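One chain comes next, on its own, written out as structure tokens in the form predicted alone.
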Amino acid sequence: MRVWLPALLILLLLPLFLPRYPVEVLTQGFILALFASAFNLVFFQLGLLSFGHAAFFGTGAYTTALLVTKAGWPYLLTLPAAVLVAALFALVIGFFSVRTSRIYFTMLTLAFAQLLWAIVHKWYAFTGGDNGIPGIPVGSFATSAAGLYYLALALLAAGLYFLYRLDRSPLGYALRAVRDNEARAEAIGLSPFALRLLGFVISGALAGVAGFLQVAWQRSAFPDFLYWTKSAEAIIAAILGGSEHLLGPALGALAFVELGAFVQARTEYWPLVLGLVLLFLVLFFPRGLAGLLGRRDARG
């Protein structure tokens, strides 16, 4: 981890030298990095592909948005509520989803997320429907580009450290044991269902933190936060960065956001160009961007 200390120092100093727009783009990268890292807990540790993680990102965002606009809560104080609500939704969805495996798990998580999206999209009286909840007051600290940057960086660093400790804990080894050989894990007394559900809930809670940050970045909340394409962003980031590496999804997210902003500013055909660049990276760097560091992360 000492290799990353200089990088962290550089990130801490960047807002002092960069104009507002690059700082905002980096902040969006941090938010996606946290979301992708949360998704990767299910993808790598549990060996399951979730297409419904946007549900937890979106519920975290809407919890914050509704508490601020309807209950008058200060923005920063909504973070525990956003985490709790996202975790509760993950508990309910996971209770049904982790009983299945492979493609059935993927389709069931997608179905739940699309169901929540449809409710939010049509519930005009409560969620604003497809108009969303615009103009959310997030306070002077989060309104400042530098302030939100440091908040997102701090929460990302805390999330990654938590995942680092989890990865090397008995729980982390138990999760990978269930992933690698469910029958053998059950034979030594582990409960595959309970472990998968616990991992899924932790992942959903971290995704809720990312949703909390997204509200401040956009000053609004929209149904698109729960749509399947938001889940796809986390999947792309994890694959692009390297899901086998702890920092892989974060690197992939930063590369995805920065590359998207760079290409979009230079051509109206940016989706095509961005798609070709991502295709090149995936084909020629199968271990992801983190694989370029020259060593595999010490994971199971």
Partner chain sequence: MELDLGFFVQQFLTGLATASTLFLLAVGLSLIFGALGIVNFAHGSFYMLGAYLLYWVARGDPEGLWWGMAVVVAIGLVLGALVERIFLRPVYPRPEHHQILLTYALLLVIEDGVKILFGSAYKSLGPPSALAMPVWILGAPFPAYYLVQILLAAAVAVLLWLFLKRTRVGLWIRAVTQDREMLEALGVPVPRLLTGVFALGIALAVLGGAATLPMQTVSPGVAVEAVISAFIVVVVGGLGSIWGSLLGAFLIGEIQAFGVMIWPEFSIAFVYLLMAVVLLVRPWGLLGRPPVVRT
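Whichever C-alpha set is largest while still superposing within 1.5 Å between the two forms counts as the rigid core. Numbering follows the first chain given and starts at 1. Quantities reported herein were computed from a predicted structural model and do not represent experimental measurements.
Another form exists, predicted in complex with the partner chain; not displayed. Remarks below refer to it.
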| query | finding |
| --- | --- |
| Within 4.5 Å of the partner chain in the predicted bound form, all of Ile103, Ala118 and Gly275 (non-hydrogen atom) | yes |
| Contact of Pro19 with the partner chain in the predicted bound form (heavy atom, 4.5 Å) | no |
| Contact flag, Leu259 vs the partner chain in the predicted bound form, heavy atom cut 4.5 Å | no |
| Phe112, heavy atom within 4.5 angstroms of the partner chain in the predicted bound form | yes |
| Tyr227, heavy atom within 4.5 angstroms of the partner chain in the predicted bound form | yes |
| Which of 149-157, 83-91, 194-202, 104-112 lines the interface with the partner chain in the predicted bound form (heavy atom within 4.5 Å) | 104-112 |
| Sole residue of Trp123, Trp73, Tyr164, Phe141 within 4.5 Å of the partner chain in the predicted bound form, by heavy atom | Trp123 |
| Partner contacts for 34-53, taking the partner chain in the predicted bound form and a 4.5 Å heavy atom cut-off | Phe43, Leu49, Phe51 |
| Did Tyr21 shift 2 Å or more between this form and the one not shown, C-alpha, core superposed | no |
| Leu12 C-alpha moves between this form and the one not shown by 2 Å or more, core aligned | no |
| Did Phe262 shift 2 Å or more between this form and the one not shown, C-alpha, core superposed | no |
